Structure formats: structure tokens, C-alpha cells
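Here you get one chain, nothing else, as C-alpha cells; it is the form predicted alone.
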Amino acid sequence: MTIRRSAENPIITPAMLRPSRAGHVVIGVFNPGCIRHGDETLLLLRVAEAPVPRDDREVLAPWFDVETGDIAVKRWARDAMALDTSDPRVIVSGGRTWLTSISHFRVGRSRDGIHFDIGDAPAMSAATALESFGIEDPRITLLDGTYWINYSAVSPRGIATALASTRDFVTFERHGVIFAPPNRDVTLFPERVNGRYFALHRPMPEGIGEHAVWSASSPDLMAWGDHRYVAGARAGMWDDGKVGGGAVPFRVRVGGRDAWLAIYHGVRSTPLQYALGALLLDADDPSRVIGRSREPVLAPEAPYERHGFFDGVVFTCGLLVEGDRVRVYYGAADGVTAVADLSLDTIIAGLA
């Protein structure tokens, strides 16, 4: 695979951003949605902030308190009984799971696609009870002159997918939950298919079932049905653990016919690794897989991808296509934002 990582990677790091509130620190800026807006490349960045403990004897979990309209902080003694902090992303106490940070979105604007101006204030942040643990992983799809943003809404009720819209990335309108928990990694197609809106989504069953990519369709972007299984993990391959959506699908022409190309993420079980691959989907029936990457199109190899807040992760929510260049913006090690240019022809040649 021909991969050209930017020489300036990671292009956005926590050190480049100021925290949005006193007593907190930015610990991650990653998994941005991406779109061309006018003559600019625009990123909608997930910014994770954590409260600063008074000393190393306590652990903290921030959350949005609907009653006060502000961020509250829950505290534990680090040596408390039955406290599980083995995963740096979560705290498990008394059978309940809390997050160690809370995420909001900020807008980044760039003329060259590498150097971004990023505001200090959130563009969107937690605002409802179903977002009390934060909002995460935005994807941006332009439909009918409006930018539609789907994102993970995280709360004690689970991880749902919510929808918002904007025309200028200054004001945003929320439309509520479109996929109930547990469901994430939703990508909205940028065109109607046979008169209906389409999406890929990733239910997360427990006990029976697997974390796999499904498709759904809708007449209005709000009511979703016609759910169909699309693709799951593959034993003995680079995505043997689980799979889920990545960037917004885009149209390609392969073998004289139109199709959709969707960059997705796959997880390798041992050793744990998040990498990216491609699905080629039928133009008229996006639930039907025509081709799939034999090997990852982008895997964690650079130091900032292999080591960070959560090691061994490349994860995308957005890309731009220009001719043969597929410019992928991605989160690396759940901490920083990087960019790489891939060859569309090479991606297609690697499908089986």
C-alpha cells in the first residue's frame, strides 16, 4: 500500500489547544469529521478534557449535570476497594462505568489541509442527559445543501448515535437520537439511493451476536429501518476481532460500473490493533459487499500511532478525495490527529 504520512504528523496535538474550562486539561484531540467548506478544509475535532486531580491519590470522572448545566466531577480514592482503572479510558466502580474524560467538538479551519486554526471554545458540547458523558467521533455528510453531523452520544444509558445539522459551522441544530444504544460508528451516505437516505451503523450486541457493520435506510434521516447485515470480523485476518464504520462512503467507478467505497476500521485481537480497510459496496444496494481489503490500507506503524493514550490505534471519521488521492484524517493512539494520503487505485487493487 502506498501511504504518504504528512511529514508534520501529528498535525494537531493536545499541547496546541487550551482547555475550555479551568481545572481541566486537554488529553486528546482526535477522530475528526472532515469536509470541504468553501475554499477551506474543515475539521470537526473531538477534544477530550479531563479534570486535574488534587494529587496522585485520587481518580476523577467528569460528567455533564443537566440540572446545573455544567460539568461535575466524581472522585474516588485510587486505592478504593473494587475500583477498576486498568483501562485508561474508563473507571468501573460498583458495577457502573464512568469515563475519565469528557469530549466536545471544536472547529478547525485550514487553507492547505495541514495547518489548522482551532478555536478555544467548543462548537458543540454535552447538552442533554443522553450526552452526559460527552459527545464523540463526529462524521459530516453534505446533503441537499445542509451539513449533517452524526455523533456518539454517551451517557449511563449507553452509547447512542445522535444527529445535528449546520450550514455554517457556527450554529448547530440538534435533532436527537437516531440509533438507540448500543450503536455507534454511523456513516451517512452523501446521496440518496433509490430515493432513500442510507447509512452504515454498528450495533454492539452482548452475549449473542457480534460487533459488525449493518446498513439501514430512511425517508427523512430520522426514522431508520430495512436493517441489513453487511460485514463482520474475519477469522485469521487483520480484522478478526470486530469491525465498524469509518469515514463517509464515496462513489467510485470500478470495472466500468459505479460503486461505493467505505473506509472502515477493523480490530485485530492479538496483539490488539485498530487499523483501516476498505469495503466496496453495490451502488444500488449498499448492503451488498463487492470487495474487501485483504490487508489494511492504514495500520499503526509510526511512533505516534503505536504509543499514546491508547496504544496501537488508527481511526478515521473523515477523508477527502481528489482524483487518485484519498486524504485520510485520523486519530492516532486516541490522543492526536494525523493525516495520510493514500492512492485510490492502490486501495481498489487491494480488494478481494
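This one's a predicted model, so the numbers in the text were calculated from it and none came from an experiment. Quick note: we count residues from 1 along the sequence shown, nothing fancier.
One more form of this protein should be noted, the form predicted in complex with another copy of the chain, which is absent from this view; the next part is about it.
The partner is absent here, but in the predicted bound form a heavy atom of Ala180, alone among Val254, Val73, Ala180, Met237, sits within 4.5 Å of another copy of the chain.
Checked against another copy of the chain in the predicted bound form, the residues Glu173, Asp84, Asp120, Asp226 give one hit for a heavy atom within 4.5 Å, which is Asp226.
At the 4.5 Å threshold, heavy atoms of Trp214 reach another copy of the chain in the predicted bound form. For Leu280, no non-hydrogen atom is located within 4.5 Å of another copy of the chain in the predicted bound form, even though that partner is not displayed. Put simply, Glu206 is close to another copy of the chain in the predicted bound form: some heavy atom of it is within 4.5 Å. Another copy of the chain is not drawn, but in the predicted bound form it has a heavy atom within 4.5 Å of Thr97.
For another copy of the chain in the predicted bound form, the listed stretch (105 to 113, 245 to 253, 217 to 225, 74 to 82) containing residues with heavy atoms inside 4.5 Å is 217 to 225. For the candidate spot formed by Arg21, Pro53 and Asp65, no residue has a non-hydrogen atom within 4.5 angstroms of another copy of the chain in the predicted bound form. Within 4.5 angstroms of another copy of the chain in the predicted bound form, the stretch 156 to 177 places a non-hydrogen atom from each of Pro156, Arg157, Gly158, Ile159, Val177, taken in sequence order.
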